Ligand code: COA
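Here you get one chain, nothing else, as structure tokens; it is the form predicted on its own.
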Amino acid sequence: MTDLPPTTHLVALTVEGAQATLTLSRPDKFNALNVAMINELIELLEWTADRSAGRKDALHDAKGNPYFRTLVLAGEGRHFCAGADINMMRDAGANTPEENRADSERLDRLFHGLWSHPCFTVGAVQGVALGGGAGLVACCDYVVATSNVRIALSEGKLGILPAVIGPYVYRRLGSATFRRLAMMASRVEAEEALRIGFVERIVEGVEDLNEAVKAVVDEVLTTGPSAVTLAKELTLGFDRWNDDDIALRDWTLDFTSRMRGSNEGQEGLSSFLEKRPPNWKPDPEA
């Protein structure tokens, strides 16, 4: 890439072609979220988003370096993310309302940055994903988890609620399931996580995660990167629509026209008519 990534200590960035991988790297603390880790995640999400193929409507920068098309979020060690760091939770009890509001705004910036990221995001989850860790899971486009996964909206056990992560969990699971999990605050095991849509695939162990993630990434790379990015915009438009049906149909016509006129849309239509692979599809022999 043309610009160097932010310097980080608690989140590792790995770049492999058009894929960026962010790995939570506090294994001794079960990757619990503290202020420093949250800030690093925000910086890396913004850095990778600014260098995404979907946002640029281009596959490479001026020097021929690939823009990002997929982003994988993983956790080092036994557990994906045990939620908020205990010291951060302890400090919250002594903070002023203004300080707690600032902390919440930081968390919201993190979750919204992942949920709205222009790349296709894949969560690779093992062990527990509690509280904020469950929020990270909910924000990903596709989640692969190990059979020992345990996910919980655990805030209720502390007498608080999963309000900041709530919009993202609600969108993933729906109203009734979100309400039940927020009230019970109990841990959801692999079978139920798959059934309710918290995850898309269960694998046996950590050694299978990479293979499963690669299969998802390979499939995504056959789709136009701008189509991936704009699918999120299209979905958000449907979610927030408050006008009549005729206006919605007109909006989708405008949306389609905009995509057809884009660089990617022109390439996709041309490749179809010329019976050749589009330029974003990887060469299987490469």
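For every residue, the number given is its place in the sequence shown, counted from 1. Just so it is clear, the structure is predicted and the values come from calculations on it, not from any experiment.
Absent from the display: the form predicted in complex with the named molecule. The rest refers to it.
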Self-check item: Position in contact with the named molecule when the complex is considered in the predicted complex, options 128, 181, 209, 122, heavy atoms within 4.5 Å
Solution: 128
Practice problem: Quick one: find which of 77-85, 211-219, 138-146, 194-202 has residues within 4.5 Å of the named molecule in the predicted complex by heavy atom distance. | Solution: 77-85
Quiz item: in the predicted complex, do 68, 232 and 259 all reach within 4.5 Å of the named molecule through at least one heavy atom apiece?
Solution: no
Self-check item: Residue contact check: residue 106 to the named molecule in the predicted complex, 4.5 Å heavy atom
Solution: no
Quiz item: Is residue 190 close enough to the named molecule in the predicted complex to count, meaning some heavy atom within 4.5 Å?
Solution: no
Quiz item: Just to confirm, residue 173 within 4.5 Å of the named molecule in the predicted complex by heavy atoms?
Solution: no
Quiz prompt | Contact of residue 158 with the named molecule in the predicted complex (heavy atom, 4.5 Å) | solution = yes
